[in-house]
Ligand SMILES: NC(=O)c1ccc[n+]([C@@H]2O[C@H](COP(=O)([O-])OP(=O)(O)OC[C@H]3O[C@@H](n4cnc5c(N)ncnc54)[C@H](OP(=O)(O)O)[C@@H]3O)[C@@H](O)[C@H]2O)c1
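Here's a solo chain for you in structure tokens, the form predicted on its own.
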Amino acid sequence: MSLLSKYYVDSWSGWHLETSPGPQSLVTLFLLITGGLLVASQIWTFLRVLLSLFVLPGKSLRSFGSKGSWALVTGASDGIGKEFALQLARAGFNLLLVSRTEEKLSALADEMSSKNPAVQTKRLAMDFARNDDEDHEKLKALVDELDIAVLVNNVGKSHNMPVPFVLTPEDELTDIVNINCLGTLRVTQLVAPGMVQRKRGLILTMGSFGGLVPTPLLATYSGSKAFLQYWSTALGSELEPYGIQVELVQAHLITSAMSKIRKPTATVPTPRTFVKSVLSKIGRHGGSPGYTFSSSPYWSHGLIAWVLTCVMGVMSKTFLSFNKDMHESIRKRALRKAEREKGKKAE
């Protein structure tokens, strides 16, 4: 008898001979070990998410530029863009403000000068939907004479209301692509060479959960944000050797004109609270540990992103259906509101 063999007692059938483990036992053991490792990996990932969101600080903004350096913020006149400008000014950066409306830019520049007299401001009114070469030449002339240490690609556009792709107005479709994609690419291409030359810089691009999870009835917007996800990852890999930090900021809902939400909640922060979390967590993945050069720094958004990235591989149809139902409901309410307003005007 083999030394590996032994006897054991089975209460039902008496004495039996047990030999060394067979193929079935080895497969079972392999599956148990693999399952244990996967569970341990998920627990470790979640602990990293908690540390990133609640404990570990981000890189100092001053590591990206010296005194007198500039920050360029697109879509700077309202909401998140305005808040980025104000908080970067408080951090000591001079500001190059770019947005569509000259009056709003002028008012923001005056507000910043009154709050931070030492901060210099320059501004350029341009409509990114036009994708106008002359506008970009004017911006290039400003960028070339400044030490741009921080670029915030904030300018963006969504649909006026949730809409099936086949019913999307052509001008709305074109505007979304021009603003979200081409505008971001062209501005970054103007700024990045100077950062490469100086071997330092920070490029923040506003992403969206619409790019993290495919969103029916916001198909063009969702696709544009997914494009920025892959573009940022590729760009981050290219620029990392030059000391440049590239980060796509994944955001859920925020109180803003775009979201049409005014009241903040635990999952819908104000622009001030959201931007503060972004600037304090530079270089931390937050709730997006599986996405290189991406971050979900606001605590509730980070937890939601972690859940989505962990389960969406096996539940993508569930999330797709949920998103579709939610935006169909929003579209119905928006259409009813439009009908009411139309009726009031007719009176």
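Treat the numbers as computed from the prediction; the structure is a model and nothing was measured. A residue's number is simply how far along the shown sequence it sits, counting from 1.
What follows is about the form predicted in complex with this ligand, which we do not show.
Student: If you drop this ligand in as it sits in the model of the complex, superposing on the site C-alphas, does this form leave room, or do 3+ ligand atoms land within 2.4 Å of backbone or C-beta atoms?
Tutor: Transferred pose: open.
Student: Within 4.5 Å, heavy atoms only, which of 203, 218, 95, 155 is in contact with this ligand in the model of the complex?
Tutor: None of the other options qualify; the answer is 155.
Student: Using a 4.5 Å cut on heavy atoms, which of 136, 159, 198, 252 is close to this ligand in the model of the complex?
Tutor: Exactly one residue meets the criterion: 252.
Student: Decide yes or no: are 214, 233 and 284 jointly within 4.5 Å of this ligand in the model of the complex, with each residue judged by its heavy atoms?
Tutor: Not one of the three qualifies.
Student: Taking this ligand as it sits in the model of the complex, is residue 183 near enough to touch it, meaning that at least one heavy atom pair lies within 4.5 angstroms?
Tutor: Although this ligand is absent here, residue 183 would stay clear of it in the model of the complex, with no heavy atoms inside 4.5 Å.
Student: Would residue 72 count as touching this ligand in the model of the complex under a 4.5 Å heavy atom rule?
Tutor: Because no heavy atom of residue 72 falls inside 4.5 Å of this ligand in the model of the complex, the answer is no.
Student: Residue 222 near this ligand in the model of the complex, any heavy atom under 4.5 Å?
Tutor: Looking in the model of the complex, residue contacts with this ligand do not include residue 222, since no heavy atom lies within 4.5 Å.
Student: Tell me, yes or no, whether residue 179 is in contact with this ligand in the model of the complex, where a contact means a heavy atom of each within 4.5 Å.
Tutor: Although this ligand is absent here, residue 179 would touch it in the model of the complex, with heavy atoms inside 4.5 Å.
Student: Among 163 to 171, 235 to 243, 205 to 213, 189 to 197, mark the stretch whose residues have heavy atoms within 4.5 Å of this ligand in the model of the complex.
Tutor: Single hit among the candidates: 205 to 213.
Student: Could you list the residues in 117 to 145 that come within 4.5 Å of this ligand in the model of the complex, counting only heavy atoms and keeping sequence order?
Tutor: Sequence-ordered list: 126, 127, 128, 129.
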